[in-house]
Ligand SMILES: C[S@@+](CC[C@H](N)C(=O)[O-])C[C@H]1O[C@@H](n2cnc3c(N)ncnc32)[C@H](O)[C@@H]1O
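Shown here is one chain on its own, the form predicted alone, set out as structure tokens.
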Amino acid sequence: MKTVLHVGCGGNDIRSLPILFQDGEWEEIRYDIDPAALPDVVGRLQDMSLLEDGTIDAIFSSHNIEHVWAFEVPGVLSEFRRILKSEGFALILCPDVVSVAQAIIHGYLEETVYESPAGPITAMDILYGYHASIKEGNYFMAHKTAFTADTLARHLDIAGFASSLIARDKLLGLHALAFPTVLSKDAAEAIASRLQPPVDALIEVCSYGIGST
């Protein structure tokens, strides 16, 4: 049984993860800062010392790294790299500040840019954190930094990831698939093809350190 660390799991479980993790071969380990989410491990992104080196097959982190300060990002991604097995991978989702800036230029600051399960999302929510949740006192939901595809790739490289595949999606987000070792383009795309969202929901897929064969 392979393990996937569900970082910032919240109230979701393995059924909300990409289909890759739902073939019966994966065991979900739930990790969250909020005990109310009933995680297997309660902890912060900045300190994942409760997890041992090289013990996790995959990491799924959806919209977490924008919740730490910019100076903390290298440490968070280094923690991801530390706990991953050498043949593992990390799937990291976060806002794409380029897409958000384009939305604002076109007049969408406080207007709805898309609908989420939690409710309507505005560019302000993407930049600074979901206001409805923060209003309820969940201050850890505030956003403290931002990424483009290039800056995220650079941070992953500095953290020790040898290659990454990064795409922008149609909901103003980034999807980064990062590997501790250099991976061929065919191997990387084989994994990417089994992830959500489907390819037609992604734009501008870029590779960093991916081999040609």
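Residue positions are given as counts along the sequence shown, with the first one as 1. Since the model is a prediction, treat every value here as computed from it, not as a measurement.
There is another form of the same protein, the form predicted in complex with the ligand; it is not shown, and what comes next is about it.
**Q** Since exactly one of 46, 148, 181, 55 fits, which has a heavy atom within 4.5 Å of the ligand in the predicted complex?
**A** Of 46, 148, 181, 55, the residue with a heavy atom within 4.5 Å of the ligand in the predicted complex is 46.
**Q** Which listed residue (141, 100, 94, 121) meets the criterion of a heavy atom within 4.5 Å of the ligand in the predicted complex?
**A** Of the candidates 141, 100, 94, 121, 141 is the one lying within 4.5 Å of the ligand in the predicted complex.
**Q** Where, among 148 to 156, 55 to 63, 170 to 178, 184 to 192, do residues come within 4.5 Å of the ligand in the predicted complex by heavy atom distance?
**A** It is 55 to 63 that comes within 4.5 Å of the partner.
**Q** Is residue 209 a contact residue for the ligand in the predicted complex, using a 4.5 Å heavy atom cut-off?
**A** Close contact is absent here: in the predicted complex, residue 209 is far from the ligand, nothing within 4.5 Å, heavy atoms only.
**Q** Should residue 68 be classed as touching the ligand in the predicted complex when contacts are defined as heavy atoms within 4.5 Å?
**A** Yes, contact at 4.5 Å.
**Q** Using a 4.5 angstroms cut-off on non-hydrogen atoms, would residue 33 count as touching the ligand in the predicted complex?
**A** Close contact exists here: in the predicted complex, residue 33 approaches the ligand to within 4.5 Å, heavy atoms only.
**Q** Do residue 22 and the ligand come within 4.5 Å of each other in the predicted complex, heavy atoms counted?
**A** So residue 22 does not count as contacting the ligand.
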